[in-house]
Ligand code: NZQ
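A single chain, nothing else alongside it, follows as structure tokens in the form predicted alone.
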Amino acid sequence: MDNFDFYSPTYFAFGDGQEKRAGELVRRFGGSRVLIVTGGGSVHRNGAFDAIASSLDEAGILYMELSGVQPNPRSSKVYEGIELCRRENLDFLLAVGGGSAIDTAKAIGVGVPYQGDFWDFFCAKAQPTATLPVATVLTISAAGSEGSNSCVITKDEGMLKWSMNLDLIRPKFSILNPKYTCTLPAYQTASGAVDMMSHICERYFTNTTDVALTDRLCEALLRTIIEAAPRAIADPNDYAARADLMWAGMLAHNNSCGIGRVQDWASHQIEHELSSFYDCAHGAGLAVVTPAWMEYVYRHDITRFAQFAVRVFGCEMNFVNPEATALEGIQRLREFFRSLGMPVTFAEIGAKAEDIPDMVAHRAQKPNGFPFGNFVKIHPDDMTEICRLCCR
């Protein structure tokens, strides 16, 4: 295990009814004038917004709403939020929704005190040194942004889907009530499960040795998601399954299972191009890309892929031909994604093979665009081949 620093300051209030504490927690963490950041109308339909508003009213906290955040959140909404916070002298951001609302709030938070363009932080021109406090009320189990140091925004001009990662933007608190995920469409529940699993796989496939503890943490989370996701889809009101998914999503991305090991993130980088081109759900794109990436790189460490197959999917170890076990694990992952109703090919999300050169070129615009990934370094030709595997 490598040396590491681990900082995870977020206060979590988990369970049914915890949203009633929103006003109390905003006060505790220094807020008095709040911008509530939301997506579509779901937080109004499921009662989350009304519950939060009532709690803030009881605490005597002023609030305004910035709505309309879309999946693969856009820079235009961030600019709108920055201007609103400055004009109304707002001092706290409360994201109510999923990863898109949370990432938008995080970007607004660092943009308000900064005199330049917030996009400078995403293209490595500057590093944030201050932020408005951000908190979350989670209604979708997926991105893990409620406990992570990451933020992904798509710039409207050029559809550049880039990220920012630093501990400064970790939420002050996050309220997690699994009941708010019960009304999600099955597709969103499945997409969220894939997102969580990919976050874990990006950490699991490493070249760092002697990481037995974090291997086991990753495997436990993967097994939990594999068991809980089909139950939540079969019975949307299965609170236990919803609770397991909600907490697993947070643990998948707050880095507790990734410390002390070099992480990969190649699948995410490729998927960012896919969703920027086709605006597909992030989890759906990962369901296509992740198994294809695995097929392309598994020979780099057949033993680790065989371990994944045995420990996560219960495959029988073929000691004479461990490669067969490794390939079986990859196929079992792809079959699991399909069993959830997820796409597993380019065609199923409307992507086209003829667009692959443009996606590779688009990726090259990013600071340090190539190579990327750490398990195996991905160059333009490698990304091309992985995308071709997605077309089968």
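Given the structure is predicted, the values throughout are model-derived calculations rather than measurements. Start at 1 with the first residue shown and count on from there.
Form predicted in complex with this ligand: not shown, discussed below.
Engineer: Please identify, from 293-301, 225-233, 95-103, 82-90, the stretch that has a heavy atom within 4.5 Å of this ligand in the predicted bound form.
Structural biologist: In the other structure, the partner sits against 95-103.
Engineer: Consider G329 of the chain shown here, and say whether it contacts this ligand in the predicted bound form, taking contact as heavy atoms within 4.5 Å.
Structural biologist: Residue-level check for G329: no, no contact with this ligand.
Engineer: Do P71 and this ligand share at least one heavy atom pair within 4.5 Å in the predicted bound form?
Structural biologist: Although this ligand is absent here, P71 would touch it in the predicted bound form, with heavy atoms inside 4.5 Å.
Engineer: I'd like to know whether R28 contacts this ligand in the predicted bound form, with contact meaning heavy atoms within 4.5 angstroms.
Structural biologist: Outside the cut-off, so no.
Engineer: Going by a heavy atom distance of 4.5 Å, is P343 a contact of this ligand in the predicted bound form?
Structural biologist: Heavy-atom contact with this ligand at 4.5 Å: absent for P343.
Engineer: Taking 4.5 Å between heavy atoms as the contact cutoff, choose which of S67, S54, N46, S32 touches this ligand in the predicted bound form.
Structural biologist: By the 4.5 Å heavy-atom cutoff, the listed residue in contact is N46.
Engineer: Taking 4.5 Å between heavy atoms as the contact cutoff, choose which of V110, I270, A142, V288 touches this ligand in the predicted bound form.
Structural biologist: Partner contact (heavy atom, 4.5 Å) among the options: A142.
Engineer: Go through 170-203 residue by residue and record those having a heavy atom within 4.5 Å of this ligand in the predicted bound form; state none if no residue qualifies.
Structural biologist: Those in contact are Y180, T181, T183, L184, P185, Q188, D195, H199.
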